[in-house]
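One chain comes next, on its own, written as structure tokens: the form predicted alone.
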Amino acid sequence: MVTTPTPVPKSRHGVASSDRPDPIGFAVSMLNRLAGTEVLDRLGLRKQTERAVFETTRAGFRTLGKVGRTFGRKGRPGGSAVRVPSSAEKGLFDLTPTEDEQMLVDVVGELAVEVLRPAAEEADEACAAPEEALRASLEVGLPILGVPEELEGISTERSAMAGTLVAEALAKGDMGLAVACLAPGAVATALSLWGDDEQQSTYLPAFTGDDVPAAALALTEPRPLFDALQPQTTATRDGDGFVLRGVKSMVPRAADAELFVVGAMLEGSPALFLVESSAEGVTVESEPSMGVRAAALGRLLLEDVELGSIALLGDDRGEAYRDAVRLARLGWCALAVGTAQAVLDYVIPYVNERQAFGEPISNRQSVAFMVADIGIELQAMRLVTYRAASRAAQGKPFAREVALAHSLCTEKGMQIGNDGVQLLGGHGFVKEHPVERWYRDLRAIGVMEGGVLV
């Protein structure tokens, strides 16, 4: 019989949390409010009765960017920004979560199981995340996970490791809904990492308040052999400002987003730009996809979009942009690990209970070996992803580690999805079982660059 693999140990650094700065203690106390809310008990998540939403998404739409709030400029251009310090190096290769991080994972995991997974099938069909799920993610503080405490966030050190654990836990519920929930936090984290005083003062208060805007990272482009480090979207200087031209694809919650972080080529180097959805020349088109459908992916058209001097996020030499790509890939690796874990957790009881020729099919070597391979590859994916996240959190170079993790999670993630469908036989092909959706979602890892950032 196939048995459930041993859980990952609970302590990453081998030291008590009281012996080190508490990076997410405040987050844990806030996240625990989830247990007292009605969200977990109110599982009558919004039925997608508005068939017009689905029909519009299926047929396609083209609309101007969402006209939302006005982000009034504050702070000083190029002023002193607040940065979260890197985490301390402990000297041991021990990547298991600390007690605080495990508490965070437990609460977010409860959100994934109790809220995201029950809503996943209808959200996938409708190509939209239900408001209840999005509201629950705000209640547990996901948008401010990477924002410094000084700016009303909950981080006292780099959040790459905590963000990776959160993304993995959410993806066990549903990858598409996880992306929709994480998208605003990706923009808030980018502002925390690379924004100057003016940018942080102007935009971050919206993410730390009660009315958090939809926002998204837009790096991917709809062209063959797309290289995220060489975008074809262009930015040209125009006096003190910039003009953006180009197309971005697979942007989460594009139709609802009020703020985008867009990658574009500026004078031969890739750079990041803050683009408000209400800017003239911003148009959004629907872009229904094979997987990650609940994230409501859309295409962002930038037609001579004029931006002010505040728009350039980080440097114009490509350093911030390259780090954004690496952290985004790291986020997708974490999502792949979580979804692959969901596949393994689902197929183990299935093959143990499914009978053929008078015995469980897990008694067949071919079945048992396939499940064992999933477990082995999953642990490899997890370890390389955690290793990259740990180096990012410590402020060390992590380009090589992210490249290894992204390559492994792309290849083995698709294989795990395919094997999950194969183990269910005919049941794997029908929507009665969620494995077919997880297979479609796992195929996105190799083509998605933006959307999430840990």
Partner chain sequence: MINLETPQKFRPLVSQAHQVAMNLLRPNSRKYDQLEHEYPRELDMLAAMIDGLSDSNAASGAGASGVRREDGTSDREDAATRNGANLASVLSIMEMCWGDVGLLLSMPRQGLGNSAIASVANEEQHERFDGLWASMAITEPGTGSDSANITTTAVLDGDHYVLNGEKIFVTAGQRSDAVVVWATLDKGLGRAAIKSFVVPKGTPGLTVERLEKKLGIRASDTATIRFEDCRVPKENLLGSPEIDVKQGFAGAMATFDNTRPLVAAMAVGVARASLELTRDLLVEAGVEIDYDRPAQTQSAAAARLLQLEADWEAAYLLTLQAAWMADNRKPNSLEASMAKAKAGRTGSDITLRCVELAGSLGYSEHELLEKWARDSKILDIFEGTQQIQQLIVARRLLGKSSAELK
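Note that the structure is predicted; figures quoted are calculated from it, not measured. Positions refer to the first chain, counted from 1.
Unshown form predicted together with its partner chain; subsequent notes refer to it.
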Check your understanding: Would you say all of K66, T234 and P252 touch its partner chain in the predicted bound form, counting a heavy atom within 4.5 Å as a touch?
Key -> no
Exercise for review: Report the stretch among 255 to 263, 125 to 133, 286 to 294, 343 to 351 that approaches its partner chain in the predicted bound form to within 4.5 Å, counting heavy atoms only.
Suggested key: 343 to 351
Point to revise | Of T220, S155, Q200, S362, the one that lies within 4.5 Å of its partner chain in the predicted bound form (heavy atoms) | key: S362
Check your understanding: Using a 4.5 Å cut on heavy atoms, which of L193, A206, V247, A368 is close to its partner chain in the predicted bound form?
Key -> A368
Exercise for review: Could you confirm whether L138 comes within 4.5 Å of its partner chain in the predicted bound form, counting heavy atoms only?
Suggested key: no
Review point. D419: heavy atom within 4.5 Å of its partner chain in the predicted bound form?
Key: no
Point to revise | L424 within 4.5 Å of its partner chain in the predicted bound form, heavy atoms | key: no
Practice item. With heavy atoms only and a cut-off of 4.5 Å, decide whether T98 touches its partner chain in the predicted bound form. Key: yes
Point to revise | Stretch 396 to 423: residues contacting its partner chain in the predicted bound form, 4.5 Å heavy atom cut-off | key: K396, A399, R400, E401, A403, L404, S407, L408, K412
